[in-house]
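This document contains two forms of one protein chain, each encoded as structure tokens and listed individually as structure 1 and structure 2.
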Structure 1
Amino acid sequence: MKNYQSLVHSWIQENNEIGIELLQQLVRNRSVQANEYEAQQVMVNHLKKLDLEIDEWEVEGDIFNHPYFCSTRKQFLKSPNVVAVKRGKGKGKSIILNGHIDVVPEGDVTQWSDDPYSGKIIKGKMYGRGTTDMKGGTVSLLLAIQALKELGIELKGDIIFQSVIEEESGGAGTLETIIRGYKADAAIIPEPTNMKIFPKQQGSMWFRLTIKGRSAHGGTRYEGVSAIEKALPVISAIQALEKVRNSRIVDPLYENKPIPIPINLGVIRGGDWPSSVADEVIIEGRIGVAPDEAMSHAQEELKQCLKDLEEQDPWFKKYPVGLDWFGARWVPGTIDEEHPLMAILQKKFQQVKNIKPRIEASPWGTDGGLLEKVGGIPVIVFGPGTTEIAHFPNEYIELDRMFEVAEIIALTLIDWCGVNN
């Protein structure tokens, strides 16, 4: 019997430069929302070298009416999805390897030590927006596929590689792959998990609150009603709701998360003149959704929380707090911890790392929820990036972790899809 671990390990160690050069090319293309085209062409050019069946297309059509469609934009011109298929020889299990090409903006460049898209390598770390979230993980997938190809290891099951757009704003790219007909027996998404294995992932939704007041001159502010002051009990009520919702989370996979499903208030706007009483405040935020919770349940709880304010203050009965759901949304997801792919991935992790993997629940959402809820595909989230520095200045990835994940994924594919002897 062939020692596949030794073969894969040697190939990856001998071909580190392929992964480094590919990651640098991807990082140096600033693939923020609506600017994904050039990075996707880098992807296509590399996939052609792997002799895969390539499908490149722009999101359009019926997706805009799909109940799970969510995006901050309404057209996707020059923002293609890319899917590449490595056909198996038959009678094996198939798998989707899903990565997103879009990155969040770099923010204040003065907080970066170098160009945010430099791809510079310092002491084994590559720096740049998207290195950890999640182009490094995507390169791990591609190295795994290339290792199998060049080692002549033919699998029974299909491998479906996906490089999708729009993950950072709701998952329209992955939703479109499902609508287009791409399905498999399971999926892996290499988001930055610090090499922990996430069988569960929370969802989240953006919301907007509108709090009304009554304007008056600042010199006689007692004649008005300050929306800013009325916002204070609203914020307190949401903080109390967060405690209630999190008190129900008893899943041990969340034991290392002080707030498993946070409610974050990220934007507040109110008033238009220092000498006037503010007559309106807008608060925008994000509510976390438990892996096994219906998104409609979370929505109803926030709605009821705001409704209860009417019993505490007559003002809210006359002027109820407005609640709108807008912008991005991530669907929660879960896979049975006894699923065969979980067992294989843990076994291969231990073979490569010589330690047992840590199993936790994701503190954020991914496209995995869509693959599971809409596509009916069991999903595991596992990748090389560092969660704590995703979306941060000086984002980086440890290159050794990227290569280790490539090796683990390759060995997992061999066991899951089966080798064609």
Structure 2
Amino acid sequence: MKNYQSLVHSWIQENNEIGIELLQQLVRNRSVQANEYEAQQVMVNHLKKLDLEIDEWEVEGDIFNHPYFCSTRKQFLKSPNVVAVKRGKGKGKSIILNGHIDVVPEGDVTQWSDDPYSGKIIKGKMYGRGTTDMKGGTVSLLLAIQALKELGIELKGDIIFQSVIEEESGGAGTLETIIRGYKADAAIIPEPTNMKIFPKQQGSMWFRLTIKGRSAHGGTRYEGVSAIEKALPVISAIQALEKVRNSRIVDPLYENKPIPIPINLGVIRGGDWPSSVADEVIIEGRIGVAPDEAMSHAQEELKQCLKDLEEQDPWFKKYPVGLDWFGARWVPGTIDEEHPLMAILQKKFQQVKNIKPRIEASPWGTDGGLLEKVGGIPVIVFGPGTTEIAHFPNEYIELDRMFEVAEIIALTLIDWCGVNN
């Protein structure tokens, strides 16, 4: 058996520039939602050099009626999804390598020290929206695939590389790859995990509560019913529900998390005049979903929590708290920690980094939940980006981490998909 580690390491070190140039090209194309076209063309042009079977298409059709479809978009014209397959020689295990091309908007430009799409490199860090989340991780995947190709290492199993749209907005891109029939024995998503390995990801859903009151003049406020006051027991009930839901999480992966699956009440608004009694309060929040929990179970629990308020206060019997599920949704994901891919990835990490990897459960969702819950594909999330800087101004990636992950992934592919020695 060849010393693959040494070969892969050398090739990636000698070809750093390929990764840097590709990442810069990707970052300089501002691929926010509905604007992914140019970045996907960069991707396709690069994929062509790797002798892959390229499938580029616009999402349409059945997806809009899929129970896991979640998007505010009515069409995806000019927002292509891209999948590229490297066929194996046969009799090996296949793998999906999935990265999203969409980035969140740059926000307030004045908070950036430089153009948010500069791709500028300072002291080993490349700056720009999407460097960390997650074009850098995607470049790790492509470097890994190219290293194997250039080194003439032929795998038995198939590699299915995916550059998807819409991860930041509900996962329609990855859902579409499943509907289109792409399957594999396992998957890796190099989202920014700070090089930690995440076998579990928290899911989440947004909800909107509508609490009713009855208006009156503030000087005779006792003639009305304040929706702001009625919001207080609703908030308390949700705090209690969060406690109950979290008391069930006994997975040691969560032992350092004060609240493994938080319910966050992020927005409140109500009333429109200081001296009137508020007749409505809206609260918007997100409920965390446990890695092995059905989304519908979390929904049911919140619904029941609000229903229970009706026994405490007849006002809620008359005016039940409204509950809408709206906006974004991320499906939770989990892979058995004894899954062979977990063992391989940890081993390769240790070989490359000379330390044991940290295994944790992520506090946020990825498209991995869809691959697992809809596609039945076990997923590990593991990538080079910096969690804390994702979605923030002056987002960056440490390029050395990107190359390390490329190495770890290449070696993992060799073990997982198998080679003909």
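Because the structure is a prediction, the values reported are computed rather than measured. Note that the rigid core is defined as the largest set of C-alphas that superpose within 1.5 Å between two forms. Counting starts at 1 and follows the sequence of structure 1.
Enquirer: Just checking, which of these two is the form predicted on its own?
Expert: The chain shown first - structure 1 - is the form that fits the description.
Enquirer: Single out the hinge among Gly137, Ala186, Ala227, Pro332, thinking of the two rigid parts turning against each other between structure 1 and structure 2.
Expert: Hinge located at Pro332.
Enquirer: Going from one form to the other, how many degrees does the smaller rigid part rotate between structure 1 and structure 2?
Expert: Turning angle of the smaller rigid part: 11 degrees.
Enquirer: After superposing on the rigid core, how many Å does the CA of Gly219 move between structure 1 and structure 2?
Expert: Once the two forms are fitted on their core, the shift reads 6.8 Å.
Enquirer: After aligning on the rigid core, report the distance the C-alpha of Ser247 travels between structure 1 and structure 2, in angstrom.
Expert: A shift of 3.4 Å at the C-alpha.
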